[in-house]
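Have a look below at one chain only, the form predicted on its own, in C-alpha coordinates format.
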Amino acid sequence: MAKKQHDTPQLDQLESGPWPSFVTGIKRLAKTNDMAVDLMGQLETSYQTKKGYWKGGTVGVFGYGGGIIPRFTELKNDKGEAVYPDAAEFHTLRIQPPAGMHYNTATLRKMSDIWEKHGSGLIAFHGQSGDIMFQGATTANVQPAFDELNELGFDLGGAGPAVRTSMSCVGAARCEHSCYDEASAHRTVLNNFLDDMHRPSLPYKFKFKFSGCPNDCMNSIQRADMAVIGTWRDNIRTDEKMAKQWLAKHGMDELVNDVIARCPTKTIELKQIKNLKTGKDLSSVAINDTQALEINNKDCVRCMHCINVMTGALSTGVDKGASILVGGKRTLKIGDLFGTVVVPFMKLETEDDVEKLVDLAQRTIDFFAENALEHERTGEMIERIGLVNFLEAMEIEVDPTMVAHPRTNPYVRTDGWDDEVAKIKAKKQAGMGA
(Lines give C-alpha, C1' and ligand atoms only; values in the text may rest on other atoms or scores of the structure.)
Protein backbone atom coordinates (compact mmCIF):
# COMPACT_ATOMS: atom_id res chain seq x y z
CA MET A 1 0.00 0.00 0.00
CA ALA A 2 1.18 3.52 -0.77
CA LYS A 3 1.03 6.38 1.69
CA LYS A 4 -2.13 8.42 2.19
CA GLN A 5 -3.08 10.51 -0.82
CA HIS A 6 -3.02 14.31 -0.59
CA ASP A 7 -6.14 16.45 -0.81
CA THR A 8 -6.45 17.60 -4.42
CA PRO A 9 -9.61 19.72 -4.85
CA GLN A 10 -8.34 21.43 -8.02
CA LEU A 11 -7.42 18.16 -9.73
CA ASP A 12 -10.69 16.57 -8.60
CA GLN A 13 -12.47 19.17 -10.75
CA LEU A 14 -10.82 17.68 -13.83
CA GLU A 15 -12.66 14.41 -13.20
CA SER A 16 -16.08 16.07 -13.19
CA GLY A 17 -16.40 16.53 -16.96
CA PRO A 18 -17.82 14.09 -19.52
CA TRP A 19 -14.39 12.92 -20.75
CA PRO A 20 -11.86 10.50 -19.23
CA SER A 21 -9.32 12.34 -17.08
CA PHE A 22 -5.59 11.70 -16.60
CA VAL A 23 -6.20 12.46 -12.92
CA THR A 24 -8.24 9.27 -12.53
CA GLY A 25 -5.36 7.25 -13.97
CA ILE A 26 -2.74 8.78 -11.68
CA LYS A 27 -5.02 8.28 -8.65
CA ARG A 28 -5.27 4.61 -9.56
CA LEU A 29 -1.46 4.38 -9.65
CA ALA A 30 -1.25 6.27 -6.36
CA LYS A 31 -3.01 3.43 -4.54
CA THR A 32 0.19 1.38 -4.76
CA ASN A 33 2.95 3.89 -5.68
CA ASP A 34 4.33 6.67 -3.46
CA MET A 35 5.80 8.53 -6.48
CA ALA A 36 2.31 8.92 -7.95
CA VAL A 37 1.00 10.13 -4.56
CA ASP A 38 3.55 12.96 -4.36
CA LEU A 39 3.21 13.71 -8.06
CA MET A 40 -0.45 14.50 -7.39
CA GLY A 41 0.54 16.69 -4.46
CA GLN A 42 3.00 18.76 -6.50
CA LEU A 43 0.59 19.03 -9.44
CA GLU A 44 -2.17 20.26 -7.10
CA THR A 45 0.21 22.93 -5.81
CA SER A 46 0.94 24.01 -9.40
CA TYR A 47 -2.77 24.33 -10.13
CA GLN A 48 -3.27 26.45 -7.01
CA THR A 49 -0.27 28.76 -7.57
CA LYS A 50 -0.39 28.69 -11.40
CA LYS A 51 3.33 27.94 -11.46
CA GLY A 52 5.42 24.98 -12.59
CA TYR A 53 7.96 23.50 -10.20
CA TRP A 54 10.11 21.24 -12.40
CA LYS A 55 13.66 22.04 -13.45
CA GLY A 56 16.02 20.12 -15.70
CA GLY A 57 19.49 18.76 -15.07
CA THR A 58 21.78 16.02 -16.32
CA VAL A 59 20.72 12.39 -16.11
CA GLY A 60 21.74 9.65 -18.52
CA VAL A 61 22.74 6.05 -19.03
CA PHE A 62 26.15 4.64 -19.96
CA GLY A 63 27.14 5.29 -23.59
CA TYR A 64 24.30 7.69 -24.40
CA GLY A 65 24.20 11.47 -24.52
CA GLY A 66 20.43 11.83 -24.75
CA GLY A 67 17.15 10.00 -24.42
CA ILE A 68 16.43 10.91 -20.79
CA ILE A 69 14.39 13.98 -19.81
CA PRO A 70 15.55 15.01 -16.32
CA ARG A 71 12.99 16.46 -13.92
CA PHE A 72 13.90 17.69 -10.41
CA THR A 73 11.43 19.43 -8.09
CA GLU A 74 11.92 23.08 -7.16
CA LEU A 75 9.19 22.93 -4.52
CA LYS A 76 11.19 23.05 -1.26
CA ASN A 77 10.42 23.92 2.37
CA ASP A 78 12.33 26.35 4.58
CA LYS A 79 14.98 23.72 5.27
CA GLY A 80 15.60 23.17 1.56
CA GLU A 81 13.92 19.76 1.61
CA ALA A 82 11.49 18.62 -1.06
CA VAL A 83 7.87 19.20 -0.02
CA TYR A 84 6.94 16.03 -1.89
CA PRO A 85 10.05 13.84 -1.48
CA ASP A 86 8.84 10.78 -3.37
CA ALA A 87 8.41 12.91 -6.52
CA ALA A 88 11.55 15.02 -5.97
CA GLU A 89 13.10 13.23 -8.97
CA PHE A 90 10.69 12.35 -11.77
CA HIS A 91 12.75 11.59 -14.87
CA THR A 92 11.33 10.36 -18.17
CA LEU A 93 12.88 7.65 -20.36
CA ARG A 94 12.18 8.05 -24.05
CA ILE A 95 12.10 4.61 -25.67
CA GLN A 96 11.91 3.93 -29.40
CA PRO A 97 8.68 2.18 -30.45
CA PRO A 98 8.50 -0.42 -33.20
CA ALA A 99 7.88 1.12 -36.63
CA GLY A 100 4.16 1.40 -37.27
CA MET A 101 3.45 1.09 -33.52
CA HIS A 102 3.07 -2.70 -33.61
CA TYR A 103 3.03 -4.41 -30.19
CA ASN A 104 1.85 -7.70 -28.83
CA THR A 105 0.23 -7.98 -25.40
CA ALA A 106 3.14 -9.95 -23.94
CA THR A 107 5.54 -7.08 -24.72
CA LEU A 108 3.16 -4.50 -23.24
CA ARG A 109 2.82 -6.53 -20.03
CA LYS A 110 6.60 -6.84 -19.69
CA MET A 111 6.98 -3.08 -20.19
CA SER A 112 4.38 -2.45 -17.50
CA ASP A 113 6.10 -4.82 -15.07
CA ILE A 114 9.48 -3.14 -15.63
CA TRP A 115 8.09 0.32 -15.03
CA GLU A 116 6.12 -0.67 -11.93
CA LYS A 117 9.37 -2.12 -10.57
CA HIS A 118 11.65 0.83 -11.37
CA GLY A 119 9.36 3.84 -11.86
CA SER A 120 5.99 5.39 -11.18
CA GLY A 121 4.03 3.06 -13.47
CA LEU A 122 3.00 6.03 -15.63
CA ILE A 123 3.49 5.33 -19.37
CA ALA A 124 2.41 7.45 -22.36
CA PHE A 125 1.93 5.88 -25.78
CA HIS A 126 3.33 8.04 -27.48
CA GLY A 127 5.08 11.40 -27.31
CA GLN A 128 5.15 13.96 -30.15
CA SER A 129 8.35 12.42 -31.49
CA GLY A 130 6.89 8.92 -31.36
CA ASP A 131 8.68 7.70 -28.25
CA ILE A 132 7.13 5.53 -25.58
CA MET A 133 7.30 7.85 -22.57
CA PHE A 134 8.17 6.05 -19.34
CA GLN A 135 7.47 8.89 -16.93
CA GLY A 136 8.71 9.05 -13.36
CA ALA A 137 11.98 7.47 -12.21
CA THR A 138 14.60 8.43 -9.67
CA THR A 139 18.16 9.04 -10.85
CA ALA A 140 19.26 5.76 -9.26
CA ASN A 141 16.61 3.77 -11.11
CA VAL A 142 17.15 5.20 -14.60
CA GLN A 143 20.01 2.85 -15.50
CA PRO A 144 18.40 -0.36 -14.13
CA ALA A 145 15.13 0.46 -15.90
CA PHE A 146 16.89 1.05 -19.21
CA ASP A 147 18.93 -2.15 -18.84
CA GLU A 148 15.76 -4.24 -18.54
CA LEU A 149 14.01 -2.42 -21.40
CA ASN A 150 17.14 -2.90 -23.51
CA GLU A 151 17.13 -6.63 -22.75
CA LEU A 152 13.53 -6.65 -23.97
CA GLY A 153 14.84 -5.36 -27.31
CA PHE A 154 14.19 -1.63 -27.03
CA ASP A 155 16.56 1.33 -27.34
CA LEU A 156 16.55 4.92 -26.12
CA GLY A 157 15.07 7.54 -28.40
CA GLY A 158 16.20 11.10 -29.03
CA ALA A 159 16.05 14.11 -26.72
CA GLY A 160 17.62 17.54 -26.92
CA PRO A 161 19.28 18.91 -30.09
CA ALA A 162 19.29 15.55 -31.84
CA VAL A 163 17.60 13.44 -34.50
CA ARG A 164 14.35 12.26 -32.95
CA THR A 165 12.79 8.82 -32.82
CA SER A 166 10.43 9.27 -35.78
CA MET A 167 6.93 7.94 -36.39
CA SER A 168 5.32 5.86 -39.11
CA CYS A 169 1.68 4.93 -39.65
CA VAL A 170 0.41 1.34 -39.58
CA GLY A 171 0.49 1.58 -43.37
CA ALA A 172 1.04 -1.45 -45.54
CA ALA A 173 0.35 -3.81 -42.62
CA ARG A 174 -3.34 -2.92 -42.45
CA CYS A 175 -4.24 0.02 -44.73
CA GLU A 176 -5.41 -0.31 -48.34
CA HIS A 177 -4.25 3.24 -49.12
CA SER A 178 -0.56 2.56 -48.41
CA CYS A 179 1.75 3.71 -51.22
CA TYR A 180 5.09 2.36 -49.93
CA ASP A 181 6.54 0.21 -47.12
CA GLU A 182 6.46 2.79 -44.34
CA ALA A 183 7.92 0.59 -41.60
CA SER A 184 10.89 -0.48 -43.73
CA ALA A 185 11.66 3.09 -44.81
CA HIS A 186 11.32 4.26 -41.18
CA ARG A 187 13.75 1.67 -39.82
CA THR A 188 16.26 2.03 -42.65
CA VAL A 189 16.43 5.81 -42.31
CA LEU A 190 16.59 5.75 -38.53
CA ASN A 191 19.27 3.06 -38.38
CA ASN A 192 21.50 5.39 -40.40
CA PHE A 193 21.11 8.21 -37.87
CA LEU A 194 21.36 6.43 -34.53
CA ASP A 195 24.57 8.24 -33.64
CA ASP A 196 22.89 11.61 -34.29
CA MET A 197 20.05 10.46 -32.04
CA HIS A 198 22.04 9.10 -29.11
CA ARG A 199 24.72 11.82 -29.07
CA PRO A 200 23.02 15.21 -29.59
CA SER A 201 25.15 17.55 -31.68
CA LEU A 202 22.71 19.51 -33.86
CA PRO A 203 21.54 23.13 -33.53
CA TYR A 204 18.12 21.80 -32.52
CA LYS A 205 15.89 18.75 -32.98
CA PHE A 206 15.27 17.08 -36.34
CA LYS A 207 12.18 14.92 -36.85
CA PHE A 208 11.30 12.37 -39.51
CA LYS A 209 7.72 11.15 -39.99
CA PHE A 210 6.44 8.58 -42.47
CA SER A 211 2.85 8.58 -43.74
CA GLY A 212 1.78 5.97 -46.26
CA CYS A 213 -0.67 8.13 -48.22
CA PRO A 214 -1.82 11.76 -48.57
CA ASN A 215 -4.20 11.32 -45.61
CA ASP A 216 -0.98 11.86 -43.61
CA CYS A 217 -2.16 10.12 -40.42
CA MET A 218 1.16 11.06 -38.77
CA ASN A 219 0.54 14.79 -39.36
CA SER A 220 4.02 14.81 -40.86
CA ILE A 221 3.43 17.88 -43.04
CA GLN A 222 2.78 19.89 -39.85
CA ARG A 223 5.33 18.39 -37.48
CA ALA A 224 8.27 16.86 -39.36
CA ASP A 225 11.52 18.45 -40.50
CA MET A 226 11.48 15.76 -43.19
CA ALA A 227 8.09 14.29 -44.08
CA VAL A 228 7.78 11.23 -46.32
CA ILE A 229 4.19 11.10 -47.58
CA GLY A 230 2.96 8.35 -49.88
CA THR A 231 1.42 9.32 -53.22
CA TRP A 232 0.94 8.10 -56.79
CA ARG A 233 1.54 9.66 -60.21
CA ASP A 234 -0.84 7.78 -62.50
CA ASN A 235 -4.64 7.71 -62.64
CA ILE A 236 -7.04 6.95 -59.80
CA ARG A 237 -8.23 3.34 -60.11
CA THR A 238 -11.95 2.58 -60.32
CA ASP A 239 -14.17 -0.44 -59.62
CA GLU A 240 -17.58 -0.41 -61.34
CA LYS A 241 -19.19 -3.08 -59.16
CA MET A 242 -18.26 -1.34 -55.92
CA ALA A 243 -19.26 2.07 -57.32
CA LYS A 244 -22.78 0.76 -58.07
CA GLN A 245 -23.00 -0.84 -54.62
CA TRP A 246 -21.94 2.45 -53.03
CA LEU A 247 -24.59 4.42 -54.93
CA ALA A 248 -27.29 1.90 -54.03
CA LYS A 249 -26.44 2.32 -50.34
CA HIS A 250 -25.81 6.07 -50.16
CA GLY A 251 -27.84 7.58 -52.98
CA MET A 252 -27.33 10.31 -55.59
CA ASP A 253 -27.64 13.22 -53.13
CA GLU A 254 -24.65 12.02 -51.11
CA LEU A 255 -22.65 11.37 -54.28
CA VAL A 256 -23.23 14.89 -55.56
CA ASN A 257 -23.03 16.77 -52.25
CA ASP A 258 -20.33 14.81 -50.40
CA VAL A 259 -18.08 13.63 -53.23
CA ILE A 260 -18.36 15.70 -56.40
CA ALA A 261 -19.08 19.07 -54.76
CA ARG A 262 -16.30 18.66 -52.19
CA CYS A 263 -13.52 18.00 -54.71
CA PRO A 264 -11.20 21.01 -54.21
CA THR A 265 -10.15 21.20 -57.85
CA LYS A 266 -13.47 20.13 -59.44
CA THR A 267 -11.79 17.08 -60.89
CA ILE A 268 -14.89 14.84 -60.78
CA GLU A 269 -17.94 15.28 -62.99
CA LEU A 270 -21.21 13.34 -63.22
CA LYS A 271 -21.89 12.56 -66.90
CA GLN A 272 -24.09 10.50 -69.13
CA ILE A 273 -22.17 7.40 -70.18
CA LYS A 274 -22.63 8.28 -73.85
CA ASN A 275 -20.89 11.65 -73.26
CA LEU A 276 -17.75 10.34 -71.54
CA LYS A 277 -14.44 11.55 -72.95
CA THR A 278 -11.33 9.47 -73.54
CA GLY A 279 -7.72 10.36 -72.82
CA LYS A 280 -4.64 9.28 -70.89
CA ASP A 281 -5.49 11.51 -67.90
CA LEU A 282 -9.17 10.56 -67.72
CA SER A 283 -10.71 7.85 -65.52
CA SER A 284 -14.37 6.91 -65.47
CA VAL A 285 -16.60 4.53 -63.55
CA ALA A 286 -20.26 3.73 -64.19
CA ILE A 287 -22.53 4.19 -61.18
CA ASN A 288 -25.70 2.95 -62.91
CA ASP A 289 -26.79 1.98 -66.42
CA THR A 290 -26.79 5.53 -67.78
CA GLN A 291 -24.46 7.65 -65.63
CA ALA A 292 -20.79 7.61 -64.71
CA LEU A 293 -18.17 9.59 -62.83
CA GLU A 294 -15.48 11.14 -65.01
CA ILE A 295 -12.18 12.03 -63.27
CA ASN A 296 -9.72 14.43 -64.89
CA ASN A 297 -6.56 13.13 -63.20
CA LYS A 298 -4.27 15.95 -64.34
CA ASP A 299 -6.23 18.28 -62.04
CA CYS A 300 -6.23 15.86 -59.09
CA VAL A 301 -4.22 17.11 -56.08
CA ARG A 302 -4.32 13.75 -54.22
CA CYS A 303 -6.40 15.12 -51.33
CA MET A 304 -7.87 11.61 -50.80
CA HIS A 305 -11.40 12.87 -50.08
CA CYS A 306 -13.19 10.93 -52.83
CA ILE A 307 -11.14 7.80 -52.10
CA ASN A 308 -11.93 8.03 -48.38
CA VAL A 309 -15.65 8.39 -49.03
CA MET A 310 -15.87 5.81 -51.84
CA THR A 311 -13.11 3.43 -50.73
CA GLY A 312 -12.92 0.49 -53.11
CA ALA A 313 -14.97 2.17 -55.81
CA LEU A 314 -12.07 4.63 -56.10
CA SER A 315 -8.51 3.84 -54.99
CA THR A 316 -4.94 5.04 -55.31
CA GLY A 317 -3.03 4.49 -58.54
CA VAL A 318 -0.50 1.73 -59.19
CA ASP A 319 2.57 3.88 -59.89
CA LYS A 320 3.21 4.56 -56.21
CA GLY A 321 5.96 6.34 -54.31
CA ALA A 322 6.32 9.26 -51.94
CA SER A 323 6.60 13.04 -51.85
CA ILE A 324 9.42 14.41 -49.68
CA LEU A 325 8.74 17.62 -47.75
CA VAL A 326 11.12 19.60 -45.56
CA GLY A 327 10.54 22.21 -42.86
CA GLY A 328 7.30 21.39 -41.05
CA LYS A 329 7.12 22.43 -37.38
CA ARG A 330 5.02 23.88 -34.58
CA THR A 331 5.42 27.42 -33.21
CA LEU A 332 8.95 28.32 -32.10
CA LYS A 333 10.87 31.40 -33.29
CA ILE A 334 8.31 31.99 -36.01
CA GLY A 335 4.79 30.65 -36.47
CA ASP A 336 3.68 27.17 -37.50
CA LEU A 337 5.04 25.97 -40.85
CA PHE A 338 3.89 23.25 -43.22
CA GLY A 339 6.60 21.23 -44.93
CA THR A 340 7.68 22.40 -48.39
CA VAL A 341 7.77 19.85 -51.21
CA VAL A 342 11.39 19.37 -52.30
CA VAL A 343 10.97 16.06 -54.15
CA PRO A 344 7.50 15.76 -55.74
CA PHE A 345 7.85 12.02 -56.38
CA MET A 346 10.35 9.38 -55.31
CA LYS A 347 9.96 5.62 -55.78
CA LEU A 348 10.54 3.63 -52.59
CA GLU A 349 10.31 0.04 -53.77
CA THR A 350 13.90 -1.23 -53.74
CA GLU A 351 16.88 -0.90 -51.40
CA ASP A 352 18.48 1.49 -53.91
CA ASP A 353 15.36 3.68 -53.80
CA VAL A 354 15.47 3.89 -50.00
CA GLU A 355 19.21 4.63 -50.13
CA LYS A 356 18.41 7.72 -52.22
CA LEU A 357 16.06 8.82 -49.43
CA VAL A 358 18.79 8.18 -46.83
CA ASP A 359 21.27 10.18 -48.93
CA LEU A 360 18.84 13.14 -49.18
CA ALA A 361 18.24 12.96 -45.43
CA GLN A 362 21.98 12.89 -44.72
CA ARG A 363 22.65 15.92 -46.92
CA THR A 364 19.73 17.78 -45.31
CA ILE A 365 20.92 17.06 -41.77
CA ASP A 366 24.52 17.98 -42.64
CA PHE A 367 23.36 21.28 -44.15
CA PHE A 368 21.12 21.93 -41.13
CA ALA A 369 24.02 21.24 -38.75
CA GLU A 370 26.31 23.67 -40.57
CA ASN A 371 23.89 26.50 -41.34
CA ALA A 372 21.13 26.64 -38.72
CA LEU A 373 21.32 28.94 -35.73
CA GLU A 374 21.11 27.54 -32.24
CA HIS A 375 17.55 26.56 -31.28
CA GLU A 376 16.37 26.93 -34.89
CA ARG A 377 14.34 24.31 -36.75
CA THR A 378 14.90 23.37 -40.38
CA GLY A 379 11.85 25.31 -41.58
CA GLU A 380 13.05 28.44 -39.83
CA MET A 381 16.50 28.04 -41.34
CA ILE A 382 14.96 27.80 -44.82
CA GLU A 383 12.81 30.88 -44.15
CA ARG A 384 15.93 32.80 -43.11
CA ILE A 385 18.34 31.78 -45.89
CA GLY A 386 15.76 31.30 -48.65
CA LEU A 387 14.37 28.16 -50.25
CA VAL A 388 16.43 28.66 -53.43
CA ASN A 389 19.69 28.56 -51.46
CA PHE A 390 18.59 25.40 -49.66
CA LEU A 391 17.58 23.67 -52.91
CA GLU A 392 20.87 24.67 -54.53
CA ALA A 393 22.82 23.14 -51.62
CA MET A 394 20.73 19.95 -51.90
CA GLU A 395 21.33 19.92 -55.69
CA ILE A 396 17.57 19.87 -56.29
CA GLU A 397 16.06 21.67 -59.27
CA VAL A 398 13.49 24.36 -58.54
CA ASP A 399 9.93 23.27 -59.38
CA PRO A 400 6.95 25.64 -59.84
CA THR A 401 4.97 23.65 -57.25
CA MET A 402 7.40 24.83 -54.57
CA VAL A 403 6.04 28.41 -54.72
CA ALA A 404 4.69 29.33 -51.26
CA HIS A 405 2.06 31.69 -52.69
CA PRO A 406 1.43 33.44 -56.04
CA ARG A 407 3.02 36.82 -56.76
CA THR A 408 0.87 39.73 -55.66
CA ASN A 409 2.63 42.38 -57.76
CA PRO A 410 1.80 42.13 -61.49
CA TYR A 411 4.79 44.28 -62.51
CA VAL A 412 8.17 42.76 -63.29
CA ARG A 413 11.37 44.76 -63.70
CA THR A 414 13.28 43.86 -66.86
CA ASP A 415 16.49 45.77 -66.13
CA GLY A 416 19.47 43.79 -67.32
CA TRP A 417 17.48 41.03 -69.01
CA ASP A 418 19.21 41.64 -72.37
CA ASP A 419 22.62 41.43 -70.71
CA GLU A 420 21.67 38.13 -69.03
CA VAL A 421 20.46 36.67 -72.34
CA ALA A 422 23.71 37.72 -74.01
CA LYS A 423 25.75 36.01 -71.27
CA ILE A 424 23.76 32.78 -71.60
CA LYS A 425 24.22 32.78 -75.41
CA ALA A 426 27.95 33.41 -75.01
CA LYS A 427 28.27 30.49 -72.59
CA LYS A 428 26.39 28.16 -74.94
CA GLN A 429 28.56 29.18 -77.90
CA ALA A 430 31.72 28.73 -75.85
CA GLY A 431 30.53 25.25 -74.86
CA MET A 432 29.77 24.28 -78.47
CA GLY A 433 33.16 25.54 -79.55
CA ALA A 434 34.90 23.43 -76.92
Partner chain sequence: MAQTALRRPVESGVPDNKQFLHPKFIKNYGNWKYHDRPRPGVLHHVSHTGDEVWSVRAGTQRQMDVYTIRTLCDIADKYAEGFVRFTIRSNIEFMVSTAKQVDPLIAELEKNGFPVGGTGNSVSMIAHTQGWLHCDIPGTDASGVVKSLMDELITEFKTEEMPNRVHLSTSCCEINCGGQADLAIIVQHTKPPKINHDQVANVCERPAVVARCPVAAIRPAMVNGKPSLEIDESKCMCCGACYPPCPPMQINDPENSKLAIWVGGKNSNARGKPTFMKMVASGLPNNPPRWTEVGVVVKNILSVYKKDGKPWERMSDWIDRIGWPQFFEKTGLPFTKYLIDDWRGSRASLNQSAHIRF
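Numbering follows the first chain given and starts at 1. Think of the rigid core as the biggest set of C-alphas that the two forms share within 1.5 Å after superposition. Note that the structure is a prediction, hence the values are computed from the model and not measured.
If you look for the form predicted together with its partner chain, you will not find it shown, but the lines that follow are about it.
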Please state whether all three residues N296, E370 and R407 have a non-hydrogen atom within 4.5 angstroms of its partner chain in the predicted complex.
no
Among 269-277, 284-292, 140-148, 356-364, which stretch has residues with heavy atoms no more than 4.5 Å from its partner chain in the predicted complex?
140-148
Is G335 close enough to its partner chain in the predicted complex to count, meaning some heavy atom within 4.5 Å?
yes
Would you please decide whether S201 lies within 4.5 angstroms of its partner chain in the predicted complex, comparing each non-hydrogen atom pair?
no
Within 4.5 Å, heavy atoms only: does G321 come near its partner chain in the predicted complex?
no
Can you work out whether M133 and its partner chain are in contact in the predicted complex, taking contact to mean some heavy atom pair no more than 4.5 Å apart?
yes
Can you name the residues of 82-120 that have a heavy atom within 4.5 Å of its partner chain in the predicted complex?
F90, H91, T92, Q96, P97, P98, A99, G100, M101, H102, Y103, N104, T105, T107, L108, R109, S112, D113, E116
Post core alignment: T49 C-alpha displaced by 2 Å or more between the shown form and the other one
yes
By 3 Å or more, the Cα spacing of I260 and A404 differs in the predicted complex; is it closer or farther than in this view?
closer
